[in-house]
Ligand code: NAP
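Okay, here we've got a single chain as structure tokens, the form predicted alone, with questions on binding and movement later.
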């Protein structure tokens, strides 16, 4: 039997990749290589460090349940604390020795004869492994629109995913393109210091009040000494998020009044902070709450009430060396351009590299020629010994850690069965995959994505086929239970 260079190769050293590595080590696998294209671990919390960055899920929930951090400084922790938490996880679970930074994977190919994967990296080298795991995240490929004349702009250009630490907006004439979750955090920071800020909005976003506050040292110490108290706080917060997700989004058909109530809350929040009626109208989405991921902020709407802030909704015509000319011909003179244009989810991130499985099946091509699909959001037919942690129908709940821990349960059950059978190769069957696809498709028919008005949302929840294939349409408890007890005959074993 051919011995591979590694038992497992994991692509990505963010929380998903680290969670997968922790579970595989629990299953007795020690020969692990974690390949990361960036120069350090942490995924999105390493790459993103723009002003105002913070979690948009309460910190007691946005963390591994088996490794709580009692010392979050705020209910919604700043991004730097998430980076430190990632470092703590890597140290405690002895993951750093498995990590290789500055290593970009371009292709992985299954060899049926040796029953191994060959992983090719950008430096021209390759290595083999028995199990191949992709944990490249959902929001990891920055999107830069091809604006006419962008190359002619002579001022400062920043992308939120490639921020220049210490950059000062003071006295600058700034344009920010985009009004997604990242921009909601950044715009108030820029508005405070810039001489003038012009925000170019294509699609408004639903924003609800952010109940945020510093966590007192006494409460942090209580969490540390009596862990049950933090688990209780986590349970309460998770339950509130679950109600928003399950009743407001996934069961829109049955609980439409709840969805409308959330939208009314967002409208009231907007009305309280923006006195100008025309500006409020421009900031109000014309799609239903939940079509796009909503966000939380107490500062975002206030920025538009400042005299140095202009909201531009007419679209971008072209760039000039010192200005943006909007589609209606209005010229906005600027010296600083900030691209808060989000991430390319479907064109370059599903998958984030070429993956060739059994019978030469190309994963990206197969998804695009057919439908985006993955059994339980983690495995795909014709791709033996392959685990894709950011796949169609994998995202569960509003906290990414729910998804990670559900997938860890799936891995534990699968590898436990392989040990029992003394097998080394797994592959999900077509029948199991098809049944799961039918099930999630049916469940989504009650969601806001199909029963609500999402036509103008431009939501990344929708794939190029127009299907809402990002979210798993189950409650957190249902997802965790199913990952713990899916039929073992869903796989073939060799």
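Positions refer to the first chain, counted from 1. As the structure is a computational prediction, the values presented were derived from the model and not from experiment.
The form predicted in complex with this ligand is left out here; the points below concern that form.
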query: Heavy atom of each of 164, 188 and 297 within 4.5 Å of this ligand in the model of the complex; finding: no
query: Listed residue that, although this ligand is not shown, lies within 4.5 Å of it in the model of the complex (heavy atoms), from 303, 116, 197, 183; finding: 183
query: Among the candidates 234, 143, 382, 173, the residue which, in the model of the complex, approaches this ligand to within 4.5 Å (heavy atoms); finding: 143
query: Exercise: residue 343 in contact with this ligand in the model of the complex, heavy atom 4.5 Å; finding: yes
query: This ligand contact in the model of the complex: residue 255, any heavy atom under 4.5 Å; finding: no
query: Contact label in the model of the complex: residue 178 to this ligand, heavy atom within 4.5 Å; finding: yes
query: Partner contact for residue 460 in the model of the complex: this ligand, 4.5 angstroms, heavy atom; finding: yes
query: Stretch in contact, per heavy atom within 4.5 angstroms of this ligand in the model of the complex, of 441-449, 24-32, 48-56, 424-432; finding: 48-56
query: In the model of the complex: members of 282-312 within 4.5 Å of this ligand, any heavy atom; finding: 292, 293
